[in-house]
Every structure is written in C-alpha cells, then in structure tokens.
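Take a look at this single chain, the form predicted on its own, given in structure tokens.
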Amino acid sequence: MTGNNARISHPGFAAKLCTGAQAAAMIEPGDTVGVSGFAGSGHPKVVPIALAERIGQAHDRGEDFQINLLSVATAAELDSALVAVDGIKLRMPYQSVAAMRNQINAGKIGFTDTHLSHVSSQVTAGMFGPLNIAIVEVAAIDPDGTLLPSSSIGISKTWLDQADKIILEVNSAQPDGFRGFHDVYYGPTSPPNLEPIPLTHPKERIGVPYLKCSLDKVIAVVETDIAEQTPDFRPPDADSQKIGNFISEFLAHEVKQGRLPKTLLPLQSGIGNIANAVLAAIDAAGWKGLTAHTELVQDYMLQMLRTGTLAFASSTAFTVSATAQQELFNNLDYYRERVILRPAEVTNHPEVVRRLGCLSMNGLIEADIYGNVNSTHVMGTKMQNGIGGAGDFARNAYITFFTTPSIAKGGAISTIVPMVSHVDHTEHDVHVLVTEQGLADLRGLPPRQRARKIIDVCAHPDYRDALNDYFERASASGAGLHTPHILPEALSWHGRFLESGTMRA
C-alpha cells in the first residue's frame, strides 16, 4: 500500500498520485466534466475547488476559462466555488445553489433540465459531446483495480465508462466499512442491445459491489480526508406534520380497501422537511416490515430502519445530518444488512419503478385546479432547482403523491392556481395532491371533479373563493367544458397578483 491513508492498494493507480492542484491543471478550458455525487454526498472535494482557483487566476489574467459541468445532483460547495469564478458555461441537470440559480436565470449559464433516468443514455449517446474528464470520489482502490464507492453511487458508473480521462479522489473520511453496501449493475445500457433489468424486489442484488475503471484512462489519483458537509436537519413543522398524517391515514385506508398490501409497496421520498415529515408520520403509525426504493436515504429513513418500520431500503445515496451520519458510521454492520446503494440508472429507471410499484412522494412549487404540477419554475420563467428524479417516479409509480403547503411567502401566494405557469408533471401523473388543508385523491376523476376536489380540499381558505369564482365562470362560459378555462385570465393570474404586490384575491 502507499499514500497517507493506505486506501490505494493497486500499484498502477498509486503511480498516478498527485495533488488536487496538479490534477486540476489537467482540465482544459471548454472541457465537459462529469463529477460524482448525489445530493451532497459522494462528490469530489479537492479537485473542483482547485479547478475553481485555477479558473479564477486565468480570469485575472484576462483569459477565458469555462467548463461544461455534468452532475446529477452535486454538492452546494462544489457548484458555489465554480459559480463564484464564473467557471461554468453549461450545467446539467439538477442544482440547488442560489448563486447558480441567479446566473441561470440571468442567462449567464446554460442549464439543461433532464430527468435523472435520462442522463446516462443521453451522455452515452453523445448528446453533450465528448465527456472529456470525469472526477469521481471513491473510498478505496483495491488490489485488483476495482473501486469501492463511497456514500453515493449516483451516475459514477456512466462517468467512468464514458469519460476520455478520469481523475479519482480517494477519500479516507469515507469509511472502509461501506464495503458490501453497493450493487452496481453492468448490464447492456444502450439500444438496440438493452435487456430487462432483473430487479423484482428492493432487497435483490443484481450486480457487483464495486465500480470498474480502466487504468489506461486514469490521469490522476488524489488522496483526500475531507468529511462531507452534512445538511441541516429541521424537525417537521406543524403543516408538514399534517401533510404526513394525511398520507399515513390514506395509506391505511388503501390497505383496508385491499388496494395495498399490509406492508405497502416500496416507498420513494423526495428531499426536504415535508418528505421527512411524511416518513415520520408513517414511522409513528405502527407500520412494520416496509421497504423503500428511492434516491436518498435521509434521517427519518435511518430511524425507520432502526425501529423496524422499514425492513429494507434501496437507494443511490445517503443524505443525512451530522447526527444521523455518526449513527450510520457507528453501526455500518447493522445498516449493511438493510441498505443497498445502486447507480441512479437503476434506482430511477422507469422499468424498475413500474415493476416494483413504488409509492412516490415529491414536492412542488404550484399545482393547478386540474392537477398539473410545476416543480421547477417560479412564475413560469425562473428556474428553481430542476426536475431531478421526481418525473422518473411520478410517471411510473403505482401511486404518485405531490405535497406542498397551500400558501407560500407568509400567505401572499397560493400554491393552488387556476393554471400552472410551467408544467413538469401533467394531470395524468398526479394521483394524490396533499396540503396541510387536506388530501385529494384524484384517481378516476374527470377534470371538473378534480377541480372541485382540489379547491375544496387542498386550497387555503383565503384563496378558495377566488378559485371557485374562476372555475364557475370558466364553466359557465360554455366553451371547452371538459377542462374549463378562461385562458387570458388563467394566464394572467400570476402576473396580475404579482403587479399588485400580493397574491391575495
């Protein structure tokens, strides 16, 4: 073995050891760079920061230097460092940094918002041109040259397969005890040679517990020992708890109706306060032996694994608070028997989601009275974060839930509107809409019945009269009574209230 952390036990890889700055010097202006990581875990922590410093120095000399950055959902500190030096020309697909959001909405960064399940196939097909460089974090390089992934897999497999050149960061802050958590599927990935992904239960293993990497493509190996910046964890607020309780009660009702088994179906939960509140409510309701097939294992999912509410979780990443991370690291043997981390190409694959019959729960920015959902654009034009994996699950889940508080900005904005300003998930993919006001089961309802239910059950009382007035006048217009709209008024709803400084009717 060699190096400070003794995690590199293959001489060929060890011979390519260098500093982060030396590795960053191998990246050229205009390169398309893929980085590992998923929602703040498993991302490279040294080379991108060194690259940002290099780009800043180049700009100080009056030189142009930008890259195209591809990452399914990388860490805020990585995006922030590159944005601060104006280092990004194109970004794909999901981001969550305010400074980057501002540059995207100012037209300074091209942003391609893509379903996460499409990233691998689009990169493989060359839709973004050659993938010049991949920077991938791993926990170790083993004697046979295989790579031990760290706290996420994300899209790392595709980066390693498709990149012309590879930079590896070997991070000793990621426990070697992650061995056995990963299941990397190496089946055919491109048409016309695709085959069914042979996954029929979240607990099944269909791949190998490591990533493969061609030594010939590796141009640098960098040792790191930097812990992840764990996200803040906020306990659920009162409105989030109400939403969680509505969903838990609905699931119990579905079991009584015979539409769900007593162990439900695999849970998929998005990230954030409401998502954790839903999981907390399910945990408190006395369920046992449930499973999850999702993108992220968060704090409450770890708790559910401890209480036995959840028997097993299939995911692509851990995204947990500092307290939960310590719990995870202290009990890796326990969680290794209960968690599998897979490539995002598998966790988000429509075929797998449909076969497993997932129960999908994600947030939104606004929903309209017919059930169309906007989860990406504020006022229809300003990008927030991106669609992420919500569409992969929403279109293919057995039951799709979308959750939101009924009002925003201290009550100045209704999240239920006559017509959404941007459509990410059509009414066909929205089965259940939930706010702190109530839960609307939209399955089987034609548009006008959906509208009545959404307004009566989900809208905030402050906006219910205005929404009902709009719907009644649209219905009385006599035109297009399948989905009644007064288009000029529907389209001006956002702008009219924005100009008056309030969304109140």
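Note that residue numbering follows the sequence shown and begins at 1. Only a predicted model underlies this, so the values are computations on that prediction, with no experimental measurement involved.
Not pictured, yet referred to below: the form predicted in complex with a further copy of the same chain.
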Heavy atom within 4.5 Å of a further copy of the same chain in the predicted bound form: which of Ser121, Asn132, Ser321, Gln303?
Ser121
Picking from Met419, Met100, Val434, Leu211, the single residue whose non-hydrogen atoms come within 4.5 angstroms of a further copy of the same chain in the predicted bound form is Met419
At 4.5 Å between heavy atoms, only one of the stretches 401 to 409, 426 to 434, 151 to 159, 230 to 238 reaches a further copy of the same chain in the predicted bound form; which one is it?
426 to 434
Looking in the predicted bound form, is a further copy of the same chain within 4.5 Å of a heavy atom from each of Lys165, Ala311 and Leu328?
no
May I ask you to check whether Leu481 falls inside a 4.5 Å heavy atom distance of a further copy of the same chain in the predicted bound form?
yes
Can any non-hydrogen atom of Arg473 be found within 4.5 angstroms of a further copy of the same chain in the predicted bound form?
no
Non-hydrogen atom contact Ala21 with a further copy of the same chain in the predicted bound form at 4.5 angstroms
no
Any chance Lys256 has a heavy atom within 4.5 Å of a further copy of the same chain in the predicted bound form?
no
Does any residue in 101 to 125 get within 4.5 Å of a further copy of the same chain in the predicted bound form, counting heavy atoms only, and if so which ones?
Ile104, Asn105, Ala106, Gly107, Gly110, Phe111, Thr112, Asp113, Thr114, His115, Ser117, His118, Ser121, Gln122, Ala125
